[in-house]
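Encoded as structure tokens, the following chain is the form predicted on its own, with no partner shown.
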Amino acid sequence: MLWGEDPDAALRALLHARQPAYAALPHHLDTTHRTAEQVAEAVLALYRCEPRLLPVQAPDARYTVRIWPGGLAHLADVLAPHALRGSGAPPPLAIVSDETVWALYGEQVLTSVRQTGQPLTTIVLPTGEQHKHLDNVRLLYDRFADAGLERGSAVIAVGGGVISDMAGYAAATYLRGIPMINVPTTLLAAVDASVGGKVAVDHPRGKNLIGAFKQPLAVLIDPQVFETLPERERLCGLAEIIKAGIIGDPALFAACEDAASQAGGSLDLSALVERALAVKIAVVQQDPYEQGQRALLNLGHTFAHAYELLSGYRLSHGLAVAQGIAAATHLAELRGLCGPETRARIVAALRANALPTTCDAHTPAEIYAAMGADKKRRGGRLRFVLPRAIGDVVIEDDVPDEQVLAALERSR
């Protein structure tokens, strides 16, 4: 420190300069508002159950996914490496959640985040995909402004994919972008929406038509929250895990097959989430802005988004994806990309895990017409991700109408 320099300003400048090095450390504990006994207990909790760390490298961001049983109680420690400031008072934080999740975990989240000592506002939205629209994004903007959020603030998304998408889109566009942290509370959000930086809201003419790319500062996955999931939500996440296995991890797919084939069989969700995320991370790091290979993650989605649109978004995304994977597999067989054995294995795995593989609520013509709103079109043509084998999928955009309709007929 130079003679005559303000000690407080010098210390803050030093902390600011060292922030990248501190943030790179694998674990952090915020001791600011804790007693020595509380700090010791936090260290012991970290020792008892060390988080699994999955680093993600994006062009404009590096962040870490923490799979941490019991980690919800340590959310302040996830925030700690990002909370250092060069000067001024700590900026306010905003937590965005939904009514269902907040009733279960709101107090636990608040107790943890309050340990940061930062001003805090909570925004609790209605539950469900039907609320993922611009009116609720506008409400978030209003609440962010009321709370005085600034560019050094952070939005903490605590919930499923709907909350991750809406809070992420609001964070990406408010003040031209403020930081966000994802805390997924559903199995589907943990393996899908929480990682990769795609955020969006629905439009009456199609799902996720209005969106942006917004990488999170960090992702915290607490597998213990999956214990409170309704069976429907567990199945939705399982569909995305099976999808990841088909795309790039045959052993993951086989694990889902094996557990389903055993009487009373159970799945180690923490291990499956980690493997499914590894598939997604590998793909998004190669193609962060979906210019090519990242489209592989859309296996089943060209069909699924049409199913969701026709249902008025009452059909859960994961269940629609299961139906879409089955339809895509029928289409792959019709095109000679995969044999009947691969098609039978994929459909059997979905059914064995109690996932739907047919859609008879709408005619093939109605479903095909609804696909016209799909945002994945290129040059006016639909793009399909189709399996050639377990762990090997390909993108096709020259599929004749009659083959799509035939696949949909097989899927009824």
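Here the structure is a predicted model, which means the values were calculated and not measured. The numbering used is simple: start at 1 and walk along the sequence shown.
Only in words, not in the display: the form predicted together with a small molecule, which the text now covers.
Enquirer: From the candidate stretches 178 to 186, 114 to 122, 323 to 331, 142 to 150, select the single one in contact with the small molecule in the predicted complex, where contact means a heavy atom within 4.5 Å.
Expert: Among the candidates, contact is made by 178 to 186.
Enquirer: Within 4.5 Å, heavy atoms only: does Thr100 come near the small molecule in the predicted complex?
Expert: Within the cut-off, so yes.
Enquirer: Within a 4.5 Å heavy atom cut-off, is Glu129 in contact with the small molecule in the predicted complex?
Expert: Yes, Glu129 lies within 4.5 Å of the small molecule in the predicted complex.
Enquirer: Looking in the predicted complex, any heavy atom of Lys280 within 4.5 Å of the small molecule?
Expert: Taking the distances in the predicted complex, the answer for Lys280 is yes, it comes within 4.5 Å of the small molecule.
Enquirer: Check whether Gln215 has any heavy atom within 4.5 Å of a heavy atom of the small molecule in the predicted complex, and answer yes or no.
Expert: So Gln215 does not count as contacting the small molecule.
Enquirer: Sort through Ala193, Ala304, Ile247, Val78 and report the residue having a heavy atom within 4.5 Å of the small molecule in the predicted complex.
Expert: If I apply the 4.5 Å criterion carefully, the residue I get is Ala193.
Enquirer: Scan Arg275, His82, Arg335, Lys198 and let me know which has any heavy atom within 4.5 Å of the small molecule in the predicted complex.
Expert: Partner contact (heavy atom, 4.5 Å) among the options: Lys198.
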